[in-house]
Structure formats: structure tokens, C-alpha cells
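Only one chain is included here, represented as C-alpha cells and corresponding to the form predicted alone.
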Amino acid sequence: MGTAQDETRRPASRLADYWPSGLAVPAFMISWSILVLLPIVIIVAFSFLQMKSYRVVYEPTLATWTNIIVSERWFTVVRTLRIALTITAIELLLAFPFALWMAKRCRSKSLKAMIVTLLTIPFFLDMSSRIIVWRSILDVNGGINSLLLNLGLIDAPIQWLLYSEFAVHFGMIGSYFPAMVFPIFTSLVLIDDEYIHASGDLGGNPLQTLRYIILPLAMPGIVAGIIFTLVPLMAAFVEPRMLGGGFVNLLGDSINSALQELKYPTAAALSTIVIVALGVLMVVLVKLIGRREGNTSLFQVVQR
């Protein structure tokens, strides 16, 4: 006859019988392969097909890739990489000091909660409704030009504020700032203040504390912020279309146009380029971070 302690343990043992711990990893790998890898394989395979009379011809060919090269879409690839990397770098330079202040300097819980709430508002708004507001501000007759003209700072409206790369950069910075801030803020909050105080007690100045203590411990959040910012930037099409005015064509816009024209192999080939480019950038990022962590560790910092 079992004791009360055995009765309390029985549900846990039954749960372990239904879900053995050894099946967790295989189940995850199978699910991840079906939900992530299989669609990527299908996209890559579709890029080697072509369309005839609005129907997909299931015969392997390099015609789609040849057409991309001949049509000079590689300039679009280079432009997308340049803009995506530039915006990611700008977001990182803006987001890290802001997140560091919010995590370690902002002592008001109400102010911190208000900032977090304001940063989450863009996630609940449609991208088009957020971007279209900037058109009325950056336009030739918009708010910025009207203000500068009334102040006498310019004699004629500034033409390049809208329908230019500047406008696309400007719109993207505001759109993807929360995606960079939140992971960095989360990693900085988890850093124990004792490490920072210990660095000061050992004679470290603020720059040394930042370099050898805060940055290594915040690196997971920095990497996550870079990924969460760079990945959607590579496929962005709302900002280039609404703020670029057709003069700043990016890969996301090209993919969307190809889908609207029912050119599925072209859209698949362009998506494959995005996937390969992101894969290469992620590998380079991991290598750089691994090299940095290999050269500098917390134990080495304490020894110094």
C-alpha cells in the first residue's frame, strides 16, 4: 500500500512515461526541419524553374538565375545589403547607449514602464500607417520644409527629403529601433551591478568597465538585436515603396513585385539570395564574436 508521498509523485512519473526526456531533442529537430528547413528547400528548388503562360514548368533550368544577372538585379542586391548593414549599424549605435541608460541609470520604475510601453506601440500598428505619416512631414510642402522656410534657413524647399535613400533610411531607423533596443535592454538588466562596482573598485575607469565587463556580458542581447534588425531589413519593402517613390528599389520590393506578377521562380530566386546573404552575414558575425570572446574573458578582466 503506497504512502501519501508516493501518491504525490505518481502524476509526475506518469507524465515522464508519456513524454520521455530522450525524445525532446529529436521531436524539436523534426518539427524545426518541417517548419523551417523544408520551406527553404522548396524555395531554393523553385528558383530553378520557370513560368510559361502563367504556369510553372517543372523542368530544372538556370533561366531564372540568368535573367536576374542579365537584368542587373545584382545592383539591387548590393543596394539592399548596403542599406540593411548601414541601418543596423546606426540602430546599434543609437540603441545601446539608450538601453544602457534605461537598464542601469533610469531609477524611476514608472518612467521605465512608460518608455517600454511607448516602444511597444509600433508593434500594434500597421507598417503602412506608420510610414505614410512621414510623407507629409518630408514632402516638398511638408512640415520640415515649411518650418525651415518660415525660419528663413533655406530659400527653396529641399527636394531630397522625400523619394530618396535619405527618406528610406530615415523611415527604417524609426521602424526597427525597438527590435534593437529590447534584446540589448534585456541582457543589460540581467548583468549584476556587483560586477560593475567590482570593476571600479579594482581601478577600472568607465571605458574599461564598458569594454571588459558590460559589452561581453551584453553580447547575447547585442547579437539578438542585430539579428532581429538585419533579417527584416533584408526583406523590407514598405519603406522603399512609400518613401523611395520607386527610386530606391530593394530586394523586398522586387520580391513583392515578382509575386504580384505571378513570377514565382523569380521571387524564389530573390528570396534565395536573401537567405544566402543572411547566412553568410550570420556566420561572419558568429566568427567575430567568438574571436572576441576568445581574446577577452571575465576571468582575464578580473586578473587585470
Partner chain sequence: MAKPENMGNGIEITRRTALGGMLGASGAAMLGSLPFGTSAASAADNPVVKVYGITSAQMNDWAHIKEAIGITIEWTPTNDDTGVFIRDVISNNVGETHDILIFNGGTQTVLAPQGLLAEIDTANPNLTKWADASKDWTESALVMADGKTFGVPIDGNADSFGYFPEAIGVDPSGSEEVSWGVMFEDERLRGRVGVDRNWSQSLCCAALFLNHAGRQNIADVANPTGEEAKAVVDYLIERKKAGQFRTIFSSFEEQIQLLSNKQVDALNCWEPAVRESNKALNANSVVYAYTVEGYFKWGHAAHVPAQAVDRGNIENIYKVLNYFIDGEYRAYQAIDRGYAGPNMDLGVEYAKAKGWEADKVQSIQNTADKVARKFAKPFVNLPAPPNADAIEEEWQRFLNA
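The structure displayed is predicted, hence computed values, not measured ones. Numbering follows the first chain given and starts at 1.
Although it is not shown, the form predicted together with the partner chain is what the next lines describe.
Residue 73 belongs to the set of residues with a heavy atom inside 4.5 Å of the partner chain in the predicted complex.
When the partner chain is considered in the predicted complex, residue 27 lies well away from it, no heavy atom lying within 4.5 Å.
Of the heavy atoms in residue 191, none are within 4.5 Å of the partner chain in the predicted complex. By the criterion of a heavy atom within 4.5 Å, residue 135 is counted among the residues contacting the partner chain in the predicted complex. A heavy atom within 4.5 Å of the partner chain in the predicted complex is found for one listed residue only; from 211, 79, 169, 104, this is 79. For the partner-free chain shown, 159, 162, 163 of 156 to 177 come within 4.5 angstroms of the partner chain in the predicted complex, judged by any non-hydrogen atom.
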